[in-house]
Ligand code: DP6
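To begin, one chain is listed below as structure tokens, in the form predicted alone.
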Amino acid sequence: MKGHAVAGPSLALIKYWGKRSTADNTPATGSLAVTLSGLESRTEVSFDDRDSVVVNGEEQPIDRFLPFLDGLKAGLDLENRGLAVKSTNNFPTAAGLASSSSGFAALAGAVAALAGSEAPPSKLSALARLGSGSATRPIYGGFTVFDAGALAAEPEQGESFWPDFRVVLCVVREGAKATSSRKGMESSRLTSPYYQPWVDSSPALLAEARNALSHRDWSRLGPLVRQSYLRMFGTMFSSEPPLIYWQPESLALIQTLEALRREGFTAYETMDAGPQVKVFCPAAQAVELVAELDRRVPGLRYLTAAPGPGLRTWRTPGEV
């Protein structure tokens, strides 16, 4: 048999940055996120005599994946079985576009499908956490919350809750970032003088943002989203050594968006551990917004997405 899964990346509006427990891979700060449509990680898993992982046609060092694969096998009663994993992303990988969230969610789903498991979403979310904390969220479609210290994410609002919601992803660099999110989080926790204030301030931001989301209130949610990512980057910039993921185009986009808001656009940006800038805006403004960004910050790739579905899994017979 072969297990298959497809998952979209989860874009955090209120950020998760830092571990409460590295052993359990639980977050120090809660996050509010949206699962995106159109962008996807697609994974196929079959039994083999050894574990292997191929991403976008390239075999990966297995050490990065063994703890996650062992956790999946233990949780799905597949001990002592080798797993051959093949995964592809239709968007840049390890570049700050949340490919780890969709990749590990899809891997958890594909292994569960191969095992013939009917595990509920809450269990799949908890299993996905073993690979990446953000992978707990795209198990669900629409908007999700992953609370500080939690073992799994929870659905907040469904895929169709905010039909007017769009995300424009401004791809500044296509390649993989130099420092992974996991390493960056630990560096900030250990060395930034602003890390604990960041953790302490996050619950209030999350509560306010959940309330703003429930009212579909652009004017309230937007500034909270900006506060969250800028405070998060405050811990990165003040780490030792500093974590500077931004590129000149990243800052140019941020400054351009400030100007566009003054000109009447309802567009608010966020960033993750990488140079890419993500902007959420009303659907009616998305095309014009992309045109203005491309005119003022030319040479970048722009992708547009809406809230998307959660994890999809299925099983097929293997080759005879």
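Residue numbers run from 1 along the displayed sequence. Just so we're clear, the structure is a prediction, and the values are computed from it rather than from any experiment.
The form predicted together with the ligand exists for this protein as well; it is not shown, and the discussion that follows is about that form.
By the criterion of a heavy atom within 4.5 Å, S31 is counted among the residues contacting the ligand in the predicted bound form. In the predicted bound form, at least one heavy atom of R182 sits within 4.5 Å of a heavy atom of the ligand. Although the partner is absent here, Q157 sits far enough away that none of its heavy atoms falls within 4.5 Å of the ligand in the predicted bound form.
At the 4.5 Å threshold, heavy atoms of A12 reach the ligand in the predicted bound form. Against the ligand in the predicted bound form, the set G38, R166 and L311 makes no contact: no member has a heavy atom within 4.5 Å. Here the chain stands by itself, but in the predicted bound form one stretch of 285-293, 271-279, 47-55, 254-262, 271-279, has heavy atoms within 4.5 Å of the ligand. Of the candidates S132, N89, S192, T144, S132 is the one whose heavy atoms come within 4.5 Å of the ligand in the predicted bound form; the others do not.
Taking S239, S100, S117, S202 one by one, only a single residue has any non-hydrogen atom within 4.5 Å of the ligand in the predicted bound form, and it is S100. Along 203-238, a single residue, M232, places a heavy atom within 4.5 Å of the ligand in the predicted bound form.
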